[in-house]
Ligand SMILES: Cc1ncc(COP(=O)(O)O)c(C=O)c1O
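Okay, here we've got a single chain as structure tokens, the form predicted on its own, with questions on binding and movement later.
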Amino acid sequence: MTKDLLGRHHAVLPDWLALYYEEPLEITHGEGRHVWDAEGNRYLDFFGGILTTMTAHALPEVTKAISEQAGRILHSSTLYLNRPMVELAERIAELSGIPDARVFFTTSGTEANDTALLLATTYRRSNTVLAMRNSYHGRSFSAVGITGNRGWSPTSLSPLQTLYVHGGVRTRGPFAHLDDDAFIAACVADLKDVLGHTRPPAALIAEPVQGVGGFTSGPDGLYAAFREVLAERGVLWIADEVQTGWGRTGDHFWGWQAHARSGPPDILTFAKGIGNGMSIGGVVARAEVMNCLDANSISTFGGTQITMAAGLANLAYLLEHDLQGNARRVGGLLRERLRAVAAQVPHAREVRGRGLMLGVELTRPGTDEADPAAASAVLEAARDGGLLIGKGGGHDTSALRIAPPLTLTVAEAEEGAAILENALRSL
């Protein structure tokens, strides 16, 4: 049955639409932190539909909110007043930390970042954008144009002039040997040098923790140091929180808060986890930036009632159950467990990340050379053991990505770590 579906998939869908596993998996249903495939196999889910099932599969509070809203009205567009959209916007504006915030809803993180670029370039009247090396911001034409990861950037024909700066990867590149303070100083010097050779940019867009890049990040305070340089020149800071938002990193509700001495970003983008599987993205910006457009606009599907109902219920559950705190506690235990395993596995170069956003980078033993074949082998072995994880990284997809729902229990973390240990040792 799955082989038949795979053949149909290849017959009608693009060749570049990636599938995991040598024998791709059809997931039919889920509950809590587990999912089942079409053959009835049960898996512990440590990837959550690419960090999207943020709280739990089939969370009763969210499914109830969706069902009740579906019984009233699914959709009306932004041409009409929409109570759930206003209510969710009010909550997100308050949580964002951005003063006099305005919120615009989209259907995805790609569209959110696309909107942020539209706002920044219009507000600054510049089509030059600063981005981080190893970054990923989506698959639209403009988002691909600012993505600093060759594996996810299929064209250089972009409407934007993009300049890439150092800092998103702490343990690779020309500054890797420096301590944190010296690393930040070197990255700031690089930024100043770039700014000295170009027309004034519209914005710097950066993920506080690079998602597709393999859960890499610069030292805490890096973007605060960047912000001081940018603010002197009026350049905006866009924090791409599509993967890092809503408490996933444990220590903070937003990833930008690890760089908080500079205050909140000018623009914040979000998506993925807020809908717990429903398609929600969005942009938060202070009013003068959000309102800079001088033409009419609407959104047909952004902020539609059924997705807003899901987002409200999901956010309420997350806050009431302190899932940020759970990410910090359980994620910390899982990280140390994986570090203990990695110390005994020659292929494991580094275990990194924070909260329930962890990466394990694999290299050929005794070198810093990426080993994508090893990452694929571990992915397969983990599946055979009943665990689903992801892959990423700017060096030939050689990092394992581990991002379970934020309700993960200690027992489930131990179970997943044991399966992953066996998979890593199988190398």
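Please read all numbers here as calculations on a predicted model, not as lab measurements. From 1 onward, residues are counted along the sequence shown.
From this point on, the text means the form predicted in complex with the named molecule, which you will not see here.
Each of Thr110, Asn113 and Lys272 places at least one heavy atom within 4.5 Å of the named molecule in the model of the complex. Mapping the unseen interface onto this chain, Val212 counts among the residues with a heavy atom inside 4.5 Å of the named molecule in the model of the complex. The named molecule is not drawn, but in the model of the complex it has no heavy atom within 4.5 Å of Thr307. Proximity of Ala285 to the named molecule in the model of the complex falls outside the 4.5 Å heavy atom cutoff. With a 4.5 Å cutoff on heavy atoms, Gly331 does not count as touching the named molecule in the model of the complex; it lies far away. When you look in the model of the complex, the only residue of Tyr223, Tyr136, Phe105, Trp246 with a non-hydrogen atom within 4.5 Å of the named molecule is Tyr136. When the named molecule is considered in the model of the complex, only one residue from Leu268, Ala327, Met132, Val242 comes within 4.5 Å through any heavy atom, namely Val242. Residues placing heavy atoms within 4.5 Å of the named molecule in the model of the complex fall in a single listed stretch, namely 234-242, out of 234-242, 185-193, 89-97, 316-324.
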